[in-house]
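Take a look at this single chain in structure tokens; it is the form predicted on its own.
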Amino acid sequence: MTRITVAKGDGIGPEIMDATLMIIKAAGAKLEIDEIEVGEKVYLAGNTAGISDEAWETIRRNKIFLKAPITTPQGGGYKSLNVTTRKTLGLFANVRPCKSLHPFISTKHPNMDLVIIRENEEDLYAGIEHQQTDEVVQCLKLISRPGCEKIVTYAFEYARKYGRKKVTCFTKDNIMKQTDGLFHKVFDEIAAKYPEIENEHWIIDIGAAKMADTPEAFDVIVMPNLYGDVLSDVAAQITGSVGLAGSSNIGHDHAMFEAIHGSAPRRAGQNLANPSGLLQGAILMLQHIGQSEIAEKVQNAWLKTMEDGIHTYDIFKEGVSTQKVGTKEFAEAVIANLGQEPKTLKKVELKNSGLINIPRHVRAPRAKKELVGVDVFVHWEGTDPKKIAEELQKMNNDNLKLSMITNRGVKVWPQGFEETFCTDHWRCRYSAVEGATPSKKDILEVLAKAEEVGVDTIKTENLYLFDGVRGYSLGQGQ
């Protein structure tokens, strides 16, 4: 018997959760359930997190969380509870199986059967944003070696456990050489430990095009957070419907299971919603907690129901579907099929399920870190880089001197092009004078001189070599 936490959520959430629980209980799932309230009601009661301390304690105690979709109110500074839960509990892996149900659900990709494994904690989803000038805002893209190692290792362990033959990595490291470059580098390092599993890397743009056109070319795809968020929805949709997809969010100690769709408040309370996405999440949960026989029974009954053409309104199609049913009636049809198997669709065998254990990160010895300069970001409303360079060179000292100015990443001084459009946001690079060893005192001196000459500095980024390797990007055109 496993004790889990359940949240029925908002909109269609209570209906599809009731249907899901009805099905898995009828199949014999061995569960004890603690229900909590999260989402819209909690937000509107004045809790900007959307969850109470008591609810957090229940989730942390039980470690397994089955959650229906919730509504995050617009405006008011409300934070997404989904993102908060994933990051707070260290749920580093988001797993989304995407398999077509041809010919019973319309799709252009009848042979599609892939799994997207998305990094869940960092990347641009750190949500660290600042307005720096009148014209420019920034969002910090954070990629860590521990984050990369965890998600890539999980992808290969998942492939090994479930008999998948290939793991593909998607990044944009031809442009983001430091951040996405680290993800690709770690992928190559870890892939070498799994010689029995084919591995490959695609640049995200052409990889996404290939996935949308020929998804059967892929098996397991692993990628950073933002790319994974976008492409997992694309993958789910091209199987036939986002509404049929569930996902798991896996950490070392906790796990959360959900549908990938939203709360659809316009359909709430009408007995119309399709519970399949949340049911798929519950099936992933049963696999995770070791109740694979129950998961297999439910999945095969669901496939049989889909094959029988008993469909909710969202996937009902004349000539393919045989009966249009509501949420509750769909659940009853799945229950009636428990113990049966599909005839056309491939039946599932889930004996090889349970936890995938990933080693916890062990920090490597610290690299030799050598300060070689500083990027000073400046708010300046002029448009001629030569004029701002005259002021910036007044900030040189014995160990640091102005070596480059960029605007939105493009080098505009020295030897910039007058055709380059410039905003009011300038990156001004001060590099070590040949033979000098700059210190942070030199950086402070540069900033102090900026105040003296009236240069509006808005942030700095120190430039380092790590074990002799450059740890910062060059300017575009440098």
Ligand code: NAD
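Bear in mind the structure is a predicted one, so any value in this text is a computation, not a measurement. Heads up: residue numbers just count along the shown sequence, starting at 1.
Only in words, not in the display: the form predicted in complex with the named molecule, which the text now covers.
Proximity to the named molecule in the model of the complex, defined as a heavy atom within 4.5 Å, holds among Val186, Ile358, Leu89, Ala264 only for Ala264.
Contact with the named molecule in the model of the complex, defined as a heavy atom within 4.5 Å, holds for exactly one of Ala155, Met223, Val298, Ala273, namely Ala273. The chain is drawn here without the named molecule; in the model of the complex, the stretch among 142-150, 373-381, 256-264, 279-287 whose residues come within 4.5 Å of it by any heavy atom is 256-264. The named molecule is not shown here, and in the model of the complex it never comes within 4.5 Å of any heavy atom of Glu293. In the model of the complex, the named molecule sits beyond 4.5 Å of every heavy atom of Tyr194. Looking at Ile12, you'd find a heavy atom of it within 4.5 angstroms of the named molecule in the model of the complex. Contact check for Ile59: every heavy atom lies farther than 4.5 Å from the named molecule in the model of the complex. Residues of 277-314 that come within 4.5 Å of the named molecule in the model of the complex, judged by any heavy atom, are Tyr313, Asp314 in sequence order.
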